[in-house]
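Single chain ahead, written as structure tokens, the form predicted on its own.
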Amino acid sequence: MKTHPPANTLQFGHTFTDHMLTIPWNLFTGWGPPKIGPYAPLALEPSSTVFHYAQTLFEGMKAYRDKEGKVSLFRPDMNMKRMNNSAKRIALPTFNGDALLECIKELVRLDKDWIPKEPGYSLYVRPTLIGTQTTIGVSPPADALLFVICCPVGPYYPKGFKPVALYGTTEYIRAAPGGTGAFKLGVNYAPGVVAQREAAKLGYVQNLWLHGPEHYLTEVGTMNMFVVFKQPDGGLELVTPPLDGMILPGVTRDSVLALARSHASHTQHIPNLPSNLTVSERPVTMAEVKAASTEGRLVELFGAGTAAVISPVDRIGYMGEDVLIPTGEDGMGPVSRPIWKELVGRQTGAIKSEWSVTVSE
């Protein structure tokens, strides 16, 4: 067994647990028996289609330990559904999501001691599916491998929230209508590295993906994006781009929308979230964001994803100037702060929720 490093030294995605799950698939024999074994290198031939045609997809979810030691996963059914949708998009085999989830639970139970006991820590779970057919040629693979690995991770902001600066990328696009932007495929991520690196050279932490001549806001790096506007009646509008085929249907995105809508409809009260709240899935342009900033109607802008949960933004570099975005003393805003508290409470078990799926008591 590996030595567990001190929790405060963990870096996201650098340390992996003792075990992994593997499930082979063949066109003629179907899914093979699941196997949990030691974390180890995979044996793949150089002609495996994953290396040549990007036949790879993945998911990301977290397992949490509450104060009583109970371990749970947060909304894993949504990850299973999205993973199957991604598989269909690139002609990889689909699977029984409930059956895979039971296998993942067994893996997490086996490696649950890797979840640090300190507050804010969790176990990141990475299911992956790749084409392994050893034939060069573009076609649906006759062989595939599904595997799951886990790594202990700490809080994204260990010293408190620090708003990030974004660069509005107009030189590149992340996705286009009819493409693969709505699916969690490896091919969507490698092209974004150059754009992120160029944003960093200009002094920005991450890039904001813009689309079309109108410069529609789509995603923040690898996260979904939310913006809050002040309305004429003093109420607030929480806006995120619609799932138009270019936007990844994020689990955190869906959670933010569900919580905000339940609060806005008065079916559930979220402490400190403004009562006069409208929730919209609609297109947003940089022209609208810039005008709202100038006129004092821009309340906040933030990214949402599994790794960070909520990532506040304080400025956007756009067409040679910075569009300034308000942030509170703690780095967050009046909508993101209470939603973050509710989300984290549900994830960690501090707030009871049907979204929390028990792995181990």
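Computed from a prediction, not measured in an experiment: that's the story for all the values here. Residue indices: 1-based, along the sequence shown.
FYI, the form predicted in complex with another copy of the chain isn't displayed, but the following is about it.
- Heavy atoms within 4.5 Å of another copy of the chain in the predicted complex belong, among the stretches 320-328, 49-57, 300-308, 63-71, to residues of 49-57.
- Taken together, Ile115, Ala182 and Gly203 are entirely out of contact with another copy of the chain in the predicted complex: none brings a heavy atom within 4.5 Å.
- Among Asn276, Thr267, Ser139, Asn96, the residue placing a heavy atom within 4.5 Å of another copy of the chain in the predicted complex is Ser139.
- Contact between Ala176 and another copy of the chain in the predicted complex is found at the 4.5 Å heavy atom cutoff.
- In the predicted complex, Ile36 stays away from another copy of the chain, with no heavy atom inside 4.5 Å.
- In the predicted complex, at least one heavy atom of Pro191 sits within 4.5 Å of another copy of the chain.
- Within this chain, Ile130 lines the site of another copy of the chain in the predicted complex, having a heavy atom no more than 4.5 Å away.
- In the predicted complex, the residues of 12-49 lying within 4.5 Å of another copy of the chain by at least one heavy atom are, in order, Phe12, Gly13, His14, Phe16, Met20, Tyr39, Ala40, Pro41, Leu42, Ala43, Leu44, Glu45, Pro46, Ser47.
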